[in-house]
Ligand SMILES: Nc1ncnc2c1ncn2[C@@H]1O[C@H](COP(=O)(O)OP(=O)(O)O)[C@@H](O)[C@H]1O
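Read the single chain below, which is given as structure tokens and is the form predicted on its own.
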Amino acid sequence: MAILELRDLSLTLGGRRILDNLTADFWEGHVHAVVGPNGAGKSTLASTIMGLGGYRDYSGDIIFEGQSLKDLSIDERARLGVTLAWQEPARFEGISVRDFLRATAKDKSEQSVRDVLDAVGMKPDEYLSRAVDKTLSGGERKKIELASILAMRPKFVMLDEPDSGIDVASLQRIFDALAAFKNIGSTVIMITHSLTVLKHAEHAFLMCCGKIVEKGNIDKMQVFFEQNCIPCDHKNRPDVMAR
């Protein structure tokens, strides 16, 4: 069953059509990937689903659990269970990791906070009293943000480049977090350029020039990574441009 439905979704920014009549269903409880070249509209799609400022003047519709999100604010969408983890996590000067995790956690107990840090491979005794600020590396902040989203127990979470800023040794912890989301019943969309990340999805959509041009299992999508293209009739396809 689809938890999120895109129906003829289009968005124009600065006179350019960024999203172009997208129609897609995201199945409940699955890990989906959205892949495609730079400028395809992947991050714009996530921002539009979340309802960020500047991304709300779209045509078509976004339907979450049977309800249109068209007139709902970011806060209202979040209360329904829709969450977005940015590629570059925010810093919150002065707030401790413990307070940051408790701020939106469903279970605010000390044990719950420790559990979500453990789930992303961070030792609670080393991090709970630290501040979420510039003293943390980008990879540490990424994992703390994932821990905070796990603590929310969202119905639907979008992860923009979840491996960005993560060293190879820590990457498995990101995949552990993906498994944890699935275990609590969350539906996940990963926006990625990484074949390694793609392999942890169950289903994928390929975007190009604001359109979804292919969908299917991850084996089918590996062609994109091998060739940086799939057969199509777009004017920017390399063999068309060479004519």
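Keep in mind it's a predicted model, so treat the numbers as computed, not measured. Note that residue numbering follows the sequence shown and begins at 1.
Separately, the form predicted in complex with this ligand exists; it is not shown, and the next lines address it.
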**OP:** Label the site open or blocked after overlaying this ligand from its pose in the model of the complex onto the shown form by the C-alphas around the site (blocked when 3+ ligand atoms sit within 2.4 Å of backbone or C-beta).
**Re:** open
Subject >> is_contact(Y55, this ligand) in the model of the complex, heavy atom dist at most 4.5 Å >> reply: yes
Original post:
Does L9 reach this ligand in the model of the complex, with heavy atoms at most 4.5 Å apart?
Top reply: no
Original post:
Does any heavy atom of N38 come within 4.5 Å of a heavy atom of this ligand in the model of the complex?
Top reply: yes
**OP:** Would you please decide whether L13 lies within 4.5 angstroms of this ligand in the model of the complex, comparing each non-hydrogen atom pair?
**Re:** yes
Original post:
For the chain seen here without its partner, which of 171 to 179, 64 to 72, 38 to 46, 214 to 222 has a heavy atom within 4.5 Å of this ligand in the model of the complex?
Top reply: 38 to 46
